[in-house]
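Below you'll find only one chain, the form predicted on its own, shown as structure tokens.
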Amino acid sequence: MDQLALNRNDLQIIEAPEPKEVILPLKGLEGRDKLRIKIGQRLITGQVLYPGLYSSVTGIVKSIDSMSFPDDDYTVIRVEVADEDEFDEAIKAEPDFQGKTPAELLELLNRANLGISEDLADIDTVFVTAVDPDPLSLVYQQVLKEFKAELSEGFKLIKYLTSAKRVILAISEEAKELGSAAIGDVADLMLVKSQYPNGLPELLAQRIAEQDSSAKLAFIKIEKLISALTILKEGKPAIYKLVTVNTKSGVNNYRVRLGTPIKEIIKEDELNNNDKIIIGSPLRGAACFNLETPVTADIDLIYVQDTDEVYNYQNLQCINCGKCVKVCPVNLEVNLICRYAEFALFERCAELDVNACIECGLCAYYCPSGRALVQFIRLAKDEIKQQNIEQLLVTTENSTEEDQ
């Protein structure tokens, strides 16, 4: 699938209106009894709400309830936003980052809501990816264009934070000149063809593994790298996300406050009754049925699929055409895996290495029978994971009984 046509040099970052209310999902929180935040409480920007979760605004907690997201139901905090931010003083500026140890810097960055893994001691190669993983997203391209002058300093920061001997900037072939000017002599350049799904992290890692199978890799998005520099220079938390919004009226990149409901970006009167909102691309994303769904740090693309474009899976019988196998970038026997999953033969799916699937969606895109191939694969993965958990619990119980 050609991605070249979506490379755009004319886009500018549009500042989305500041929301009057934000919705903060508490993913990973099992029950409200563990939450110390109360209705009516005043929050400040950057305040810790729960380990790993921070307030993106200053304001008053309006309610604590449940909301359905594309992947699950979560407890959410609704906050009425104040006119001005008051920032948590625990987040300090460290422009001369080498004045702190790597451990201290990682603690500071994660305290500022960046979310970088602290398990970086044994990493020898760090990938900074400037290739948008989805064919309709333009976030990474925009960041590369807007912040190319900061990249060299960012690579030095990465080398300081990790034990990496090598930092690689993955970039599209069309941006080679821009990338070469940005990295100087502190990083290597990996050119990626502008064809989906070449930009997916799994396939980039595969290219390195072919050169050195023992390489220990870490990935960081170019947007997160620039955010780390901003945090250290300004001493403020990461409270904004760059999001590509693709609608009938055009494609734009918005800088959005975390927690902003989608309805603040895409107005309801701009939608037809049967339009579908997809978080992510049609190939890998998930349908969104609630315009109050908030923008979170993992959203790069919001796509509005026109009524005439909406595709409904037919799930006809497999005709053994082999197209799904031919386009699979990791060479799986997709046709067999999905047949086994359809009839709950999940052990057979495991034998065919279903967990190696990167869920790029190409198999379903090319399937002439309109089978829900990605959904079958996800079902198999979930069932195998659950079976492994249950088996581990049984093994643990048996070991405990033997010890007694």
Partner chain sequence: MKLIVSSPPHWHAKIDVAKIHLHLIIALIPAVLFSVYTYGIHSARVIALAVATAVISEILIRRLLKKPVTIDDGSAILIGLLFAMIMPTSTPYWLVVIGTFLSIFIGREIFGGLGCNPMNPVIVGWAITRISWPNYFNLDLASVGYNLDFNYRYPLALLKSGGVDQIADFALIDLLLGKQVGGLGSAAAIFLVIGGVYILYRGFITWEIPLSFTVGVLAMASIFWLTDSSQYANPVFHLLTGNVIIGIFFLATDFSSSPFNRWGMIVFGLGCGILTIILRIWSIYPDGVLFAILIMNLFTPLLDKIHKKPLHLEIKEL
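For clarity, every value in this text was computed on a predicted model and none was experimentally measured. Numbering follows the first chain given and starts at 1.
Heads up, the form predicted together with its partner chain isn't pictured, but that's what we're talking about next.
Enquirer: Counting any non-hydrogen atom inside 4.5 Å, which residue from 379, 49, 352, 61 sits next to its partner chain in the predicted bound form?
Expert: Only one listed residue qualifies here, and that residue is 352.
Enquirer: Which of these residues, 226, 278, 242, 251, gets a heavy atom within 4.5 Å of its partner chain in the predicted bound form?
Expert: Exactly one residue meets the criterion: 278.
Enquirer: Counting only non-hydrogen atoms, which stretch in 183-191, 313-321, 226-234, 86-94 is within 4.5 Å of its partner chain in the predicted bound form?
Expert: One stretch meets the cut-off, namely 313-321.
Enquirer: Is it the case that residue 365, even though its partner is missing from this view, gets within 4.5 Å of its partner chain in the predicted bound form, heavy atoms only?
Expert: Result yes; residue 365 sits at the interface with its partner chain in the predicted bound form.
Enquirer: Is there a heavy atom of residue 261 lying 4.5 Å or less from a heavy atom of its partner chain in the predicted bound form?
Expert: Residue 261: no contact with its partner chain in the predicted bound form.
Enquirer: Do residue 103 and its partner chain come within 4.5 Å of each other in the predicted bound form, heavy atoms counted?
Expert: Close contact is absent here: in the predicted bound form, residue 103 is far from its partner chain, nothing within 4.5 Å, heavy atoms only.
Enquirer: Is there a heavy atom of residue 268 no more than 4.5 Å from a heavy atom of its partner chain in the predicted bound form?
Expert: Heavy-atom contact with its partner chain at 4.5 Å: present for residue 268.
Enquirer: Counting only heavy atoms, which residues in 200-237 are within 4.5 Å of its partner chain in the predicted bound form?
Expert: Contacts from 200-237: 201, 202, 205, 206, 209, 217, 218, 219, 220, 221, 224.
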